[in-house]
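This document opens with one chain alone, in structure tokens, the form predicted alone.
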Amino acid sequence: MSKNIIITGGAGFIGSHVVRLFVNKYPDYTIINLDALTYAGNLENLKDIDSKPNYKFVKANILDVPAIEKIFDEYHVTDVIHLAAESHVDRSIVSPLDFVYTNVIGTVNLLNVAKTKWAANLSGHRFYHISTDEVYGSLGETGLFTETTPYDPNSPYSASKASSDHFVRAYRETYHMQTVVSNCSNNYGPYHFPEKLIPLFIHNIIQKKPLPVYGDGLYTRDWLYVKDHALAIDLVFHEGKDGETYNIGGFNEWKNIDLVKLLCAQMDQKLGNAKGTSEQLITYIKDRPGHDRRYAIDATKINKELGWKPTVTFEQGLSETIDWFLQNSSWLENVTSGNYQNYYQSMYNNR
């Protein structure tokens, strides 16, 4: 069955992998990549598919309601996969309102437009909202986040995502929209913008710059390879039950300092450095406010109901990620120099 799907944030890290998967796997679908091309959005992430006949890019902001309405009308949109979000915790601490506007108001704007445009047959359309495990707060040394774990966000970022999750569920209960939500753990992989831990440290090791580790380095996260996440999103979109939530995790917990040491060891091997060279760059810095001690996802539900599980180990995924960054140094140089921002401004500021 043909579909016309908006994927918001499709030029971003996770979004670009989802767009690529859907464009290549479903030639009968039209995939509309809606992205505002803010600092982390990069069309170079999708240059391998930008000439595909079933791929469309539209530069628009989800805060711009008339623009969203126009896209729905022009492309006869049947479904939405919503990934567009401000997502960096440190940035949310400095500027929380940016996260309220994009993550909360932007999501409600999409819901309102979808509700209006699909009013004749709400059950025939799906609104899929991708969220984070950070909405659940922090875990102790034991236990896992499940789909029924109470929300307890501790940062402006996680609070904004928790709010957007609640609005999506409220629109299903109030207006009978067909919605589904998934909450994922930390993603890593190719095209990751280098403000997050793994790509930042790869970049810093290449540049022989310090590797800043918060606090004691014992904060624990569950890591999910982005290509495995895209496969999970595909399953949830097509086979997930209406109104359900699915937790997507890598079954893969690492303390930050252990992850950094593994990354250093792999980088030294790949760069031909003496063993222990990169570890000398580790620098412990003052902890950030509201830093959650541990996240860990229980992905049993999506495994049992939809048959999803990770396809690679963390060591394999990390090695592939490092190889990608080393083989795509021009991409890394462009996104860290800001040159691509100037290009986008010249190309799209009048559209």
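Owing to the predicted nature of the structure, the values given are computational and were not obtained by experimental measurement. Numbering starts at 1 and follows the sequence shown.
The form predicted together with a small molecule exists for this protein as well; it is not shown, and the discussion that follows is about that form.
- The contact residue chosen from E147, D90, D268, E279 relative to the small molecule in the model of the complex is D90, the criterion being a non-hydrogen atom within 4.5 angstroms.
- The contact residue chosen from W223, Y246, F237, W118 relative to the small molecule in the model of the complex is W223, the criterion being a non-hydrogen atom within 4.5 angstroms.
- Using a 4.5 Å cut-off to the small molecule in the model of the complex, each of K196, Y219 and H291 places a heavy atom inside that distance.
- Interface membership of N186, defined by any non-hydrogen atom within 4.5 Å of the small molecule in the model of the complex, is confirmed.
- At the 4.5 Å threshold, heavy atoms of Y214 reach the small molecule in the model of the complex.
- Using a 4.5 angstroms limit between non-hydrogen atoms, F72 is distant from the small molecule in the model of the complex.
- Mapping the unseen interface onto this chain, S138 falls outside it, with no heavy atom inside 4.5 Å of the small molecule in the model of the complex.
- Between 269-277, 118-126, 172-180, 196-204, the stretch whose residues reach within 4.5 angstroms of the small molecule in the model of the complex through a non-hydrogen atom is 196-204.
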